[in-house]
Every structure is written in C-alpha cells, then in structure tokens.
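Look below for two forms of one protein chain, each set out as structure tokens: first structure 1, then structure 2.
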Structure 1
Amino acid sequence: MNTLDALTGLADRAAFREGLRAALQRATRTGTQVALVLVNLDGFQAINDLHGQDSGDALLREMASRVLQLARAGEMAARLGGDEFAIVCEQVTAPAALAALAQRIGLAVQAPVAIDGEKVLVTASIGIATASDVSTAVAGDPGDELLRFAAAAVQVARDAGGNGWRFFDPQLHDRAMQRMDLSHGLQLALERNEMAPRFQPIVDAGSGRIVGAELLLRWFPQQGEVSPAEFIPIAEANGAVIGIGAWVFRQACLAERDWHARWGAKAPYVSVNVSVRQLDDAGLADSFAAILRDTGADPQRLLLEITESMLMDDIVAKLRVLDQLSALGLRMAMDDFGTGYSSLAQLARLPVQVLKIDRSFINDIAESGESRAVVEAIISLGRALGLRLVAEGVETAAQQLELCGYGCDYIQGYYFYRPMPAEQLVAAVDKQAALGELPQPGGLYFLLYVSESVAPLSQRQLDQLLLRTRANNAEAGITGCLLYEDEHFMQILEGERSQVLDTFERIRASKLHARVRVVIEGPARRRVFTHWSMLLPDSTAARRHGPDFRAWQTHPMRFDSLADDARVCYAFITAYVPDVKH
C-alpha cells in the first residue's frame, strides 16, 4: 500500500504507518536506529481563518515541499493530517544529526511565504523520538508508541513558545543542544581569542634531552575549558577544523621560528596534528605553503602528525595531498600507530619519516608480554623501513627503560613533561642547555666488571646465585649478562643509574668473589641485553658458534686479562647476545 495525500503528494497517514512499521523491522534486523521527526506548524488555524482555506492549502503544499526537500533519499516524508508532517529517519548515528535536521526544518519553514500578495511568516514546533525510547516502554504497537512520544515532544516544544525542537528524551535533548552550542562556539572561537597552543616536550629515550614538542590545542570558551576529545570531532563535522587547522599550523610555524632564533640547529622540532577533514581539502598544501612563506619557518623542523585510521578511505586523494605537503619539505609522522589497519605496503608508500607508537601499547608494556611483543614488533618494523620511533603516553620509569631496551628513539609522556605553555617550554630547554650535554640523572646506565670466585662454583651453585639475582633485577629494572669461566666472573649490568650502582654495591660485597674490578661504566643510549633479569650463557656452547682462536693463544685468555682493554672486554660480553638462553 502506497497511498498519497491528495493535497500535498506526500505519503498519507496509512502509508506512513506502514512505512514506519517496515522501517522499525529493518532496524531490528540490522541493529540500526530509527527516529521520527514530527513537525507541527505554529498557529496554522489562525492563518486559515484569516486568509481562507485555499490560502491555507497553498501554504500546506509549500511546507510539504520544503519538508520533503530536507528528507534524505529513501526516507519517508508524510502528512499525517492537518498541519502535521513527519519524516522517518533510518540508520541514525547521533542525536546531533537529528537536531541538525530539526534545525534545518525549522529554518526552512520560517522562510516567508507569499499568500494573497502578502508575506506570511510561519514557524514550527518539532518533536523528535527515537526507537530506543520505545524499546523500554512496555505496551502497544512500537510505531504508534513512537508517534505518541514524538507528539509529546512537539507539545513540549510548543509549550516552550513554539518555533523550536525537542527530543522526547530530555538527556538526548541536552546532549544535542550542548553539541550545537559547541558547534556554534567553535565557528567563533578564533575570533574570540579562545584558542591557545600548548607544547608537550618529546625527549631522547636515553638521555631525556628535549628534542621536539607536540603542539596540542586548548579551547577555553566562556563556560570553561572543553577538551579536544570533545571539540575536535565537532570541528571536523562542521568544517571549522579547516580554519582552526590553518591557525594551529601557523602557531607551529611561529614556534619553530622563535626556537630556531633561540637555539639554532639544537632547537626542538615542532610536531602538529593534521585532521582527516584537512586532508580532504585540496587547497591544504597551498594554504600551508603560504603560511610557511609568511612566517619563514623551516619546513624540515615541522612534523605533521597523521592518524593511521584516517587513511582508511579515499587513500588516493589523500596521498596526493600528503605528497604535496611532503614536496614543501614538511616531514610527516604516522600517529597512533598500531591501532589502525594500514598494511606494510601502504606504510611504505606513505611519505612518512616517523612512527608514533600508540599509548595503549605503552600503558602495560612493563607488565604484559603481549604489549611488549607488539611494541618490539612495531619498533623493528620502523627500523626496517628506516623510520624514527616515538612512544606516546610514557608515564613510568619502567616503561622508559623497557622502551630504551627496544631501541625506541624518542619518548613523550607525563613521566617527563606534561603539555605546557610556550614560555615554560622555552624555560625547560634553556635549563637543559645550561646543564650541557651531561646525562640527565635517572638516564640509562651500564657497568661492566670482572672478578675471581673464591672457590670453584658448581653449576648448581651458579643456578642458585642466578635465582637470587633475578628477583632483584626484575624489580630494579636491571638487565645484563653474567659469564663464569675458569673461576672468573665477567658481568654487565644495564638499567637506571642509581639502580645499577646500588646493585653493583651489593654484588661487590658478596663473599663469593674477590678482586672485583670495574672495566667500564657510563651512560648508555640503549640496552644491549633487552630481556629482564640476568642471563647466564653456557660459555662453552656459545664459544662453539664463534671463531676459535685458542691455537694462537700463548696463554689462556682469562677474563681478567681481557679486562685490560675495556673495548675488547665490552665487545666480548656483548657478543653473547644472540647465543643467550634464559
């Protein structure tokens, strides 16, 4: 049955009920959401009385065509009788979309209508109900219920003075209102000077030196700060992100200029986020080129962060824009890496120089073997592609040490610095410059020593010793390797400086050995023995893999003679890495 309303040509009430029932069934099958938008004209009866029924009918026909134009293709628009119209919305994703539709209908209705050569203004009261409102109700046909709820919402809108819209669910209404307020506020935020940049330092994983900073946008409207997680999606939806994005890029360029003037080649680079909507804008590269010219910033010191998931659709067009940006000399980073689905082939095709490992993997890296495996895999993937690696969301010393161990280059997170205003960042870099290139306290450290056991140790005794050391080392974040041969020890310890020194003091005090001699110690850029605890390779088995120089040796090559040359000694013990077994 597909009957039409004779006056307006829209679906009539019977067709509407039928269509609504079918839509509800489809929604149940597909797990999607249906909503009903009900439109009543305010004061229509008065117009009818004043201008006569023919004019009233003409007005209804005009309104019907305006409402129909706003329905999406395939959505049913109906006249239920009198001055009541309805749209059945399917596959609804957010209340804000319904609010936007109601808003558009309200505006369309308000446009003047000529009646008897006179301009007449009409307004509408609009009610919105969603099928999820109904599913919690107990009785009745769901279509009828939905209609009743929408009508109740119309009544609320009318009671509030008409010319407005209401959701049946007051919470949805508040949410949609809030979002529309934010959406409106965002369009004016720059003009009103409500946006401000913050900078979160990015540090070298080994030394803790500031090497860069990510620009993070903050918004302070009158009602108080709104988080980027909330306003960025809205700015993307309403297009404000284009203007805001250009402003943010300009701030990044200004920071780069300023820092370059202060610290020259040692200035931190500036990392800045680019949203998916910006990449859809074919004019993006031109706009950025103009800002670069204008500010005189060095594009090589600017890093654009692009999230992995945004490259999912329309990759060809986005690649074109990315290539244009790259041609300007700008560098690029893949943000939140590991959370999307980009294939290796895709990654290799993108003009990126940096991978940022998503914080979700870093969170439990010290506890979860699975996260460790993912991070290790991402880092070796990045290495293979010649990319620099930045870990985000680092909050503890254990995470930092673990990342150092895997050879992660740079680190960003609360463990080092929170986002801060530009002046604070300048002060932090100045302070660091004043300290010179000295390693920061708390950085990665290593120590290599040799000693002689006071009596020969059996394998059992060695195993027991190892058992005691491993618990402490796991807790203190110490890794390393212990060799025992001809009643001599050689051991390397790696970890946070004070932990390494404390542990070494304990080792030195042990009565199991004597003549403990430090061969070399100092700050380390990376861990060599990346597994926790202490490794005790079977030295004779390990020797079998390497060259055998014994025929040329004039005297047995004991650890204490190797120790005479620190470099040889270091090379000797680190050569055990691939042969090591737990």
Structure 2
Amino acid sequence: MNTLDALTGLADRAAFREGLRAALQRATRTGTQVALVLVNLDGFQAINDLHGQDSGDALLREMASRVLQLARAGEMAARLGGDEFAIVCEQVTAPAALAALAQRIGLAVQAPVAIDGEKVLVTASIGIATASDVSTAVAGDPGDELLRFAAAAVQVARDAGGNGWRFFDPQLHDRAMQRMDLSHGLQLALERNEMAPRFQPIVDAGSGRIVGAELLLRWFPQQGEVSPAEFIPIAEANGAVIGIGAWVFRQACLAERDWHARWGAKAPYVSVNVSVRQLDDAGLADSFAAILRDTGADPQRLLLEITESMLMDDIVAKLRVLDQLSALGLRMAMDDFGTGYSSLAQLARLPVQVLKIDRSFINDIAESGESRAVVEAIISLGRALGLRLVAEGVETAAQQLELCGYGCDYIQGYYFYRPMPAEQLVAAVDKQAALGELPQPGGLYFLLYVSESVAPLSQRQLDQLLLRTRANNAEAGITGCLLYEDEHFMQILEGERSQVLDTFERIRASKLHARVRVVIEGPARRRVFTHWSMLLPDSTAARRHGPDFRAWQTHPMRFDSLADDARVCYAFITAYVPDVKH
C-alpha cells in the first residue's frame, strides 16, 4: 500500500521502494529503460540551524512542490528523508533527457525561497543512475542497487563543490568503495601493527654526510602496501590521522633517543610531518608534550614539517598551536616552500627554523635559468631570515652541484638515499663514521677570457652564434655571458669544472676567435648568472639599466685593455647580470 510523507505529501521511502521495484519489473517486460534521479539539498542543515525547524520544514515543502512539478505524469516523486528527494523516470530514451531534467531541477531549486521575510538561496547535488548500470552489478535487490548507485553519483557531485549533477560512473563507484575499505582499515591499522616508519636521510649539501632523516609513514595491510599518497588524505578525512600522527611522533622520539645513545651530539636529527587536521586539534601540544615526557626525547633534535597550504584557513588559531609546539622546544620547517600561498609577512611570523625547497624547482635546476633564479631567490630569502635550507628531490650530481653553488645547506633525495628501515639508516651512519671525512664534490668553476674576432660579424651571424651557443651551453649546464664589441669578445663561463674547461678548449680551437687570452679562472662559490646569453654593450638593450656613455667616451677601452686588470674586467662583465635574458 502506497504511503505518503507527512511533511511534503510526496511518496515516502516505503512507497518509493515499492514503486521503484514495480517500475523495474515493467521495464524488464517491455524492454524499456528506468532511471533514478536523486536530489540532495546543499547546506540544508545550516539553513535549518539558522532559521529554525519550522522554516526548514517550509523550505522542504517548497522544494518538494518544485520537484513534483518537474516529474512527468505517472512518474513517482518521493521524499526519502531529510533533504533527499527522488524521481523514478520510466521509458527513458536517451541520457540527454536525464541531463536536461537534472539541469531543470537544479535551476528550480536555486530560485529564492522567502523565509521569515528573507530570500533564502539553496542549491542541490543531483545523482543519476539507470537500470543498465545495475545489470552488471553484484547480485542483490535491483532497486537497492540503483539507489546506492544514484547516491554514489550524488556524492561525486557534492565532492565537486555541489550545485551540479553527475551520472553514475562505475569506476568512480569502485574507487569510492575502495576508499571506504581503506578508511575502515585505517581505523584498525595501529591495533593490527600494520604501520611502519621509514627514514630518508638528509645530508650535508657539500660532503654528503648524513645530518638528519625524515620519518615517512608506510602502511602494510594484509592485501599489500598502500601508497601514502592514497591513505594519508583518507586518514585526514576520517580523523584517523590524529591517532596515527601521535604514533608517528612517538616513533620519531624513540628514534631520536636511540640515535643519541649511539652517536651522541653527532646523531642525525629526526624530521616528522604534521598534518593540517592535527594542527586543528587543540590538544596537539599536550599530546606531544606527554610523548616527549614518556620517551625522554630531546625536542631540539626533532623537526616538525608543516606546509604553506595548511595556513590558508584560520591562520591565527594555527599560529597559536605552532607557538605552543615551539614552546616545547620543538623546531619547525616550512615544507614544499614556494608552492603555496603564504605571504612573506606570514613567513616572518611563523616559528620556523628551516625552509624545504620543493622538488618541482629542483627537477630542472641544472638546465633551466628560471628554476635557478627561483632557487637562488628562496635561498637568499632563507639567509636573510636566518633559516637553514633543505632541497628535496635531488636525484643527480648536477643538481647537487647547482645547490652547493647557491649555498643550500642540506639535500634530500634519491641521489644519496631512498627511504629505508631504521636498521639500514643505523648501518649507513656507522659506515659513514668509519670512513671519516667524505670527499668534497668538484664544485663550481668559472673562466673569464677575451679574444679578437677573426672577421667582423654581421647581425645575422651574431644571431646564429647566439642560438647555437645558447643551446650547447644549456646542454652542458654552462651559464654566463658573451659580450661582442669592436670585433672583440669577452665571455665568462660558469659550471662544473670539466664542462667549463671543455667548452673553453672548443672556443680556443674555433676559427671564429684569435688571440684568446684567459683573464681569470678558478673555483666559484656560487653562480653569478642564472643562464647564458649574449649582449652587445652598445645596444639599447644593454643600456637599459644605465646611461648612454657613447657621447662621453673620449678614449674608449677595448676588451683586451680591460683584461689587463682582472678585477676591473670581472666587474665589467658581471655588471650585465640584470640584462641577461633568454
């Protein structure tokens, strides 16, 4: 027997289930299609809380009337409970008709509703599923399966921000079910002893000596290891990260105690990540304080890593928690620096001692002038604020060389070590201690020379020289600047020593140059130029940052004359840094 919802007059859940079952049976007999359109109001609870239950009921009655008006004659419209409505569509001919219906429902819901003399706006998340979606599903009541699939589509629409509609997608549904399984598993992971710490060493940029290690969490459930990129967001969403985060901090404290007992003051520090959900927990500082007392760990040897994105919401409250953690003696690092939206004013307010340069800037630092410029700026900023610098994602010797040249303190990445169990890290530090001082890398090198052009060069020849040399130097990791004036060259080359010397030997052997003369060469503490280019000193571009001297040069000096004083020559060519562009 059909029953009605007392509040709206629509079919209630019991009547809906009976009507949906009957519609599916008719569709099976006639070979037609049935679809379910599920409508959930966005933010209804907030409206109910603000205006009261009577006003909320009035809103639901109005929404029910609008949904009923959009259902075709003979189609069932129902209220399933709360702010959830449904339309059972029969004899569906095309998905486009369902999409059009969902669009009309969305527009109808958005029309303002007068409540207590105010115009209230509400939107809806709408999910659509068809009987054909159920045909390949796991055995069960077809009506229940159809409702579940439509609800999954509603959730996808809601996750996308609401105020929209989605068709059921089996792949999305499967992923949602996997997420539910992982979410449940995370709640029991610690109890089942499925979590394990891994440590990725952080090394001195110059020597490669291990100075610290970042604790990285790994999960090994019965079905096999789950990537942190997959389970960490789920733990954040379901709140499991609070308990897991406390466990991780305890593991960091235990590692610090063990390492200090082994190596004393030379022990690596331990770095551990703190999530935004943890920072929102008012009891975080008390929890960490209790763990510090229990383990006896030295808070000065522990580094908490936070990200810029954590500070986008309610920064005042988060700063309060960070200050409480800092008062415990814990040090802090800004992780993935340069990828978020924090202002310099916020950075100055934060109790951080370390900046971690995001790997996205490190990937092509050996080839890209832009990446070198960003890294140099971050390192300069860190220096100005008295912070230590750690570069993440270092995978090549060339990247290490660049970072050493710009004065980065520490490096983390696969070029040195992958994440490893604690016992492997202990073995690595013991081996390092047995070897004594590690050899320093070759380091940056620079060479400044002057030469004469064998013949005058036309503008076309200069353009060809620029393109050819720029490409070759970029491939070799060479930066610097080439000047051409009055049939004379002056060039400075910067890069790895062997690359600089090989490049110079090719220049010396080139038929373009005569009387090549080295002005100065030697190790470089840092790069002066972020990439390589060529300038004509008398051109308008080269005068962009200074006056036009041509009318005032009574006895202009050629490059070979400037080369008599290496300091003057070096100052002359490095003065063109602001003008060097790609």
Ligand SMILES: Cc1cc2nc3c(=O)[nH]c(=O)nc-3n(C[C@H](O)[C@H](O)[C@H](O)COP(=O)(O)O)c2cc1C
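Model, not experiment: these values are computed from the prediction. All residue numbers here follow the sequence of structure 1, with the first residue given the number 1. Think of the rigid core as the biggest set of C-alphas that the two forms share within 1.5 Å after superposition.
Here, the chain labelled structure 1 is taken from the form predicted in complex with this ligand. Taking 2 Å as the criterion, C253 does not count as shifted between the two structures: its C-alpha moves by less than this amount when the rigid core is aligned. Remark: with the core as the superposition reference, the CA shift of S510 between the two structures reaches 2 Å or more. A displacement of 2 angstroms or greater separates the C-alpha positions of R166 between the two structures, with the rigid core held in common. We note a C-alpha movement of 32.2 Å at Q25 between the two structures, with the rigid core held in register.
Core superposition gives E496 a CA displacement of 7.1 Å between the two structures.
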